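Before any questions on how it binds or moves, here is one chain, the form predicted on its own, in structure tokens.
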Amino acid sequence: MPAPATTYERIVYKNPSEYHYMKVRLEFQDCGVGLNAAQFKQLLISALKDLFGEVDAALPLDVLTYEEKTLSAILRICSSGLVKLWSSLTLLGSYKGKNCAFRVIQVSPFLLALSGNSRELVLN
């Protein structure tokens, strides 16, 4: 007697989240460049404005945490503006004449997901 056929069910999760969270780091080609939280947020807004104009620079964007020492931050952006923010950060190339680049470390619709990184997990 043949084995019964296995059936699979495909489940697609459509994310209804209002916000997405991004963990980013700003890297400069030259060392010694520092930004405070206000300058960091202004850089984000100017990156959006340069690529998409005045209207899209008004997207609801929040800097939840900012580490001045490492120039890294956790950002909250409305889900509809995620792609615009990500592309503007990718294309940003300089700040006050100094070459720089944003590195997107993690993106998630859940803030808790950014609290840990399984790639850096150390088991004792």
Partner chain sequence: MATLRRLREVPRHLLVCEKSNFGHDKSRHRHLVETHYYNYRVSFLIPECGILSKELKDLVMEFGPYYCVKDLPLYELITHEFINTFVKKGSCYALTYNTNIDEDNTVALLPNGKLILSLDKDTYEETGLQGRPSQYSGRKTMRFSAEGSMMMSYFSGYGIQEHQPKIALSTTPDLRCPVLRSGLLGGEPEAACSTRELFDWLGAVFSHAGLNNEPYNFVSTYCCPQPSAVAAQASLCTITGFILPERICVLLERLCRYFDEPKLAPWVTLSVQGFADSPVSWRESEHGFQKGGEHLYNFVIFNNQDYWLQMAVGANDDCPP
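Keep in mind it's a predicted model, so treat the numbers as computed, not measured. Numbering follows the first chain given and starts at 1.
The same protein also exists as the form predicted together with its partner chain; that form is not shown, yet it is the one meant from here on.
K.L.:
Which listed residue (E27, E68, D62, D50) meets the criterion of a heavy atom within 4.5 Å of its partner chain in the predicted bound form?
P.N.:
Looking at E27, E68, D62, D50 one by one, just D62 meets the 4.5 Å heavy-atom criterion.
K.L.:
Using heavy atoms only and a 4.5 Å cut-off, determine which of Q42, T90, N99, S72 is in contact with its partner chain in the predicted bound form.
P.N.:
Here the answer is residue option Q42.
K.L.:
Answer with yes or no whether A37 is in contact with its partner chain in the predicted bound form, where contact means some heavy atom within 4.5 Å.
P.N.:
So A37 counts as contacting its partner chain.
K.L.:
So, S94 and its partner chain: in the predicted bound form, are they within 4.5 Å at any heavy atom pair?
P.N.:
Outside the cut-off, so no.
K.L.:
Can you tell me which bits of 79-99 touch its partner chain in the predicted bound form, meaning any heavy atom within 4.5 Å?
P.N.:
Contacts from 79-99: S79, S80, L82, V83, K84, W86.
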